Ligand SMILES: Cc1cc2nc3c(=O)[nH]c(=O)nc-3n(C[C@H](O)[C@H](O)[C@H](O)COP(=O)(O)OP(=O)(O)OC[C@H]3O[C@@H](n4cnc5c(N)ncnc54)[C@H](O)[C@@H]3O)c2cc1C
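Before any questions on how it binds or moves, here is one chain, the form predicted on its own, in structure tokens.
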Amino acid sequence: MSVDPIDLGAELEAWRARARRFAQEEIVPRVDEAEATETFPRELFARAGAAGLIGSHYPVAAGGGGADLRAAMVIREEFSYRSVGISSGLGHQDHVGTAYLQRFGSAAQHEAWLGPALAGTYVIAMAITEPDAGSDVRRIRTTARPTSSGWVLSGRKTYITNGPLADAIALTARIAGTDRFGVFLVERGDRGFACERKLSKLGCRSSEVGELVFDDVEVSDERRLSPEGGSPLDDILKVLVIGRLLVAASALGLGRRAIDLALARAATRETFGRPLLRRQEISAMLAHATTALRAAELLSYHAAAIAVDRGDVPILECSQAKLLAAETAVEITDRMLRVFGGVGYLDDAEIARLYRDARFFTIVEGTAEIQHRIIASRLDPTLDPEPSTVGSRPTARRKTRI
């Protein structure tokens, strides 16, 4: 007994089948140990790369799968059905860590770094967030100071997924003395760079997140992944707005798993001589959960279809899909945990892990509150959205190619 995802057509369902098989064979056997030790199974990068499940939505010429954004969403959904933490680690390699390099990198940079990254043999993390610059990204204090031979990078980043294990960091820094920003590749072993500590989290424990320090790190100009004089910050961050749909897909996978677990429990657990599933209050909760999940699913893939068909980033729909899918995942896991009763509240119960992991979605890639502000600013141009919030300005309607 399970909830089936919507049918997206033969090509995308083939991607789903491939991702589902990989998740069953490679992720499931590693989940318990990864969660218990709070350690990402690094070998999965290469295994996913060999299976063609990293960069599915990148051009074949760049080493990708040649599919569109929906393939990446289907993959993320199926991985998250089994483990949000592991899906997060693989997902950052699939899109976040490699996105800026894929979009703006030169042919030489693609050959040197992007190809190995998509093969899963070279792990790249993207570092934007700082201790005092979360949603308010214009407060970034990490600086890039030009020298005669390259750049000197100084600052601190935090909450960086894959930061503790990455081979390289795509670092966003303010160009010293300007209001423009650049992205630079810092490699493990560069003098002055260190992962100061790995952070322990409420959920997504198998995803490694760290705090990074850059103490006058010197890099050559060949490591610059942005225009020489830098870019407006919005141009850098718009590359990542599409990540909201990938977060939405992850929330869909988790929500579907929570419902499937609750369905199985309700069908076999009897109280007073009747299965839980035959009790109206339980069946009503399941009916509400499946309906909410389907609504979030339809909105998420609708937003992705807009992005694919128009070739631009639909900022409003990305925010709406991410907001609805995230909050739906939280609501579903709360309701489904009640189906399990006390056994679901035990720390080693899978439904308890899903309950912890669901909150992750309301925080990453722009909090729920930020999504509310973005959506509201699109509905009422007289509102004054935070100027540092990516995509929040009603006038920012330029097309961005994917």
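Values in this document were obtained by computation on a predicted structure and should not be read as measured data. Heads up: residue numbers just count along the shown sequence, starting at 1.
The following text describes the form predicted in complex with the named molecule, which does not appear among the structures shown.
Engineer: With the named molecule left out of view, choose which of 129, 290, 109, 154 has a non-hydrogen atom within 4.5 angstroms of it in the model of the complex.
Structural biologist: In short, 129.
Engineer: Within 4.5 Å of the named molecule in the model of the complex, heavy atoms considered, which of 238, 180, 201, 145?
Structural biologist: By the 4.5 Å criterion, the partner-contacting residue is 201.
Engineer: Run the contact test on 38, 206 and 261 with a 4.5 Å heavy atom cut-off to the named molecule in the model of the complex and return yes or no.
Structural biologist: No: no residue has a heavy atom within 4.5 Å of the partner.
Engineer: Would you please decide whether residue 321 lies within 4.5 angstroms of the named molecule in the model of the complex, comparing each non-hydrogen atom pair?
Structural biologist: Close contact is absent here: in the model of the complex, residue 321 is far from the named molecule, nothing within 4.5 Å, heavy atoms only.
Engineer: Hey, in the model of the complex, does residue 224 get a heavy atom within 4.5 angstroms of the named molecule?
Structural biologist: Because no heavy atom of residue 224 falls inside 4.5 Å of the named molecule in the model of the complex, the answer is no.
Engineer: Is residue 135 close enough to the named molecule in the model of the complex to count, meaning some heavy atom within 4.5 Å?
Structural biologist: Yes - in the model of the complex, heavy atoms of residue 135 and the named molecule come within 4.5 Å of each other.
Engineer: Even though the partner isn't displayed, in the model of the complex is residue 92 close enough to the named molecule, meaning a heavy atom within 4.5 Å?
Structural biologist: Flag for residue 92 set to yes.
Engineer: Since the chain is shown here on its own, which stretch among 155-163, 279-287, 324-332, 213-221 would lie within 4.5 Å of the named molecule in the model of the complex, judged by heavy atoms?
Structural biologist: After filtering at 4.5 Å, what remains is 155-163.
Engineer: Does any residue in 352-375 get within 4.5 Å of the named molecule in the model of the complex, counting heavy atoms only, and if so which ones?
Structural biologist: Sequence-ordered list: 360, 363, 364, 365, 367, 369, 370, 373.
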